[in-house]
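Presented as structure tokens, the chain that follows is alone, the form predicted alone.
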Amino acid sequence: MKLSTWRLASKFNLVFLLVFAISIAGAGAIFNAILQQQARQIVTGNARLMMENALAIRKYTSKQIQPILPTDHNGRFVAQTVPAYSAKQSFEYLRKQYPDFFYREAVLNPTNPDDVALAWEANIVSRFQKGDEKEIVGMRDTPQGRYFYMSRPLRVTEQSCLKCHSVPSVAPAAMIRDYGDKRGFNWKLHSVIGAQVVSVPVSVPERMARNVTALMMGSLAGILLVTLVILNLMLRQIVVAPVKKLAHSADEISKGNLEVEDLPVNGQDEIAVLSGSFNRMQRSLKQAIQMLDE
């Protein structure tokens, strides 16, 4: 009888790989869910920082640029004096580092038609006007895919804003020439006139989560592979080698060879107990045959 040294190891490896596959699948699903949540929190945090930056730019423009920069230059309206313009332009520079993020100042009655709130943005502005919500977060479907968005209300907080947006008669003449006198007027101090909106594709946090999950799963697979190699070496040394000797001795005895050497008995584990019992059985069998021969 020939015993393959890899027979036990193969069964062990099969069980280990099965457990490994189930563990990897379960861990991957759990890690991905957790990391997606964390990625969304990171994206949300970045969106908040971008909004705060836009507000800071608006305030800086209102308090330090408007007082010293004329609104009329050679008959043209100087857009750089407008806080909203400064905020949007600074965000375009920021997008060079964060190209997946988009910023809008959606206004119900803007001076610049490019800032007119879309239908879904108008619904957000309406919610801000009717309630006390300070922030609205949600998802929306677009032809380009699903987007995550964060929005905050835009309020008229500075009296200086009403120089351009109260009534056409007090607005800068250059602004009237460039944009007309039909839009962007009748704003009231402290009223909500629009919303800041930062949007980012849902695929961004999902991609972040997938990348980190793949890295973690690769590291875990590497660790388990090393563990499998070490366990195989230990299995061969502690289990397979003694069992192979036991099988060889049993095979020899079955062929009538009673002069096989005793198996080594090291320690007090199950293999040692089995080897000791086999040695006693061999001696007892040898004595019994000798007694029959007499």
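Don't overthink the numbering: it's just position in the shown sequence, from 1. Because the structure is a prediction, the values reported are computed rather than measured.
In what follows, reference is made to the form predicted together with a small molecule, a form of this protein that is not presented.
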Within 4.5 Å of the small molecule in the predicted bound form: all of Q66, T71 and N112, by heavy atom?
-> yes
Which pick from V107, A87, V197, I124 sits with a heavy atom within 4.5 Å of the small molecule in the predicted bound form?
-> V107
Just one of V204, I136, V156, L224 has a heavy atom within 4.5 Å of the small molecule in the predicted bound form. Which one?
-> V156
Which one of these stretches, 185-193, 143-151, 90-98, 209-217, sits within 4.5 Å of the small molecule in the predicted bound form when only heavy atoms are counted?
-> 185-193
Do F102 and the small molecule come within 4.5 Å of each other in the predicted bound form, heavy atoms counted?
-> no
Do Q129 and the small molecule come within 4.5 Å of each other in the predicted bound form, heavy atoms counted?
-> no
